[in-house]
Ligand SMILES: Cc1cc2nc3c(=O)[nH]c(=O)nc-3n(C[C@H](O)[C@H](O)[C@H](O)COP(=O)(O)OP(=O)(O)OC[C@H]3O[C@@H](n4cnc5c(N)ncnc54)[C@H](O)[C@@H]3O)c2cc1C
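As C-alpha cells, one chain now follows by itself in the form predicted alone.
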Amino acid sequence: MKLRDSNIEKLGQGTCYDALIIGGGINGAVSAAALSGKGVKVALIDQRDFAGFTSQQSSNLAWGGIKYLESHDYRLVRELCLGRNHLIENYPSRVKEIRFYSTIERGFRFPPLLLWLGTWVYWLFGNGFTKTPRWLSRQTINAEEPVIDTSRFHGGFEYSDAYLHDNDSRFVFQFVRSAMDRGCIAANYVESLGARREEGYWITRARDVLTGKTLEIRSTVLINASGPFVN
C-alpha cells in the first residue's frame, strides 16, 4: 500500500508522462512493459486489480486461431501462430505446447480429407514450430482413447497449440512488475474520469477509488487499454 500511495502522489504532481495507459489487463500491462523497456516515461492506472477483469477470465490458451481458416482469414492465422510461437519460445516456464485430440463426425459439413489438410496448413502457417499433426483412424482412437464411442465418427486428428499452465493474472502482473522495475508509475484502484486536450497534451482526470481523492495526470500520449470499458 505504501508503494501505491507513493505512486498516486507522483501521478498528481504535474509530471508530464510520455504515455498514460488506462487499463491494466494484458494489453495495458504489455504496453507498459514494452514502452518502459525502451526508456519511455510511462504511467499505468486501473480502476480495479491489475488483470482483475477480462484478463483473469481467459481460457489460458495461446492459440493460432485454427477456426479462422474456415473464414479465410489467413493473415490473421499466420500472425496468431507466430505470436503463439513467440510466447512458447520466450516464456518456456509459463507457456507450453498442448495437443488437441478431435474427432470428425459423419455428415460434418467438410469432408475428413479437407479437415486433415487444414491441420497441415495450420502447422505450416506456424513455420512447423510445433509437433506435426496426426491423422487418427477409428482403430487408433479405439486403441488410444477407448472411452470415446467412435460409431458415429469417420476418425479424427491431433494437432498442437499452446496453453498458459500458470495463473493468468500472475502472468499479466509479471509485465506490470517488469514495467515498474523500469520506471513506470503504476497504481490500481485509480479510475479515469475522462480526458481533455490542452496545449498539445492530454489531461486525464482520475480518482483514487479507495479515498475519493481526485487528481489530474498529464501525458503526451493517452492509451486506452480498457477492454470492455473502452467507451
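Bear in mind that the values here come from a model prediction, so they are computed numbers and not experimental data. Residue indices: 1-based, along the sequence shown.
The following text describes the form predicted in complex with the ligand, which does not appear among the structures shown.
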Exercise for the section: Could you confirm whether residue 7 comes within 4.5 Å of the ligand in the predicted complex, counting heavy atoms only? Expected result: no
Handout entry: Contact label in the predicted complex: residue 55 to the ligand, heavy atom within 4.5 Å
Key = yes
Exercise for the section: Answer with yes or no whether residue 47 is in contact with the ligand in the predicted complex, where contact means some heavy atom within 4.5 Å. Expected result: yes
Problem - Interface membership of residue 36, the ligand in the predicted complex, 4.5 Å heavy atom rule - result: no
Exercise for the section: Flag this candidate site as yes only if 164, 171 and 225 all have a heavy atom within 4.5 Å of the ligand in the predicted complex; otherwise mark no. Expected result: yes
Fill in the blank from the handout: Interface check vs the ligand in the predicted complex: of 195, 180, 40, 61, the one with a heavy atom inside 4.5 Å is 61
Handout entry: Interface residues of 187-215 toward the ligand, as seen in the predicted complex [heavy atoms, 4.5 Å]
Key = 190, 191, 192
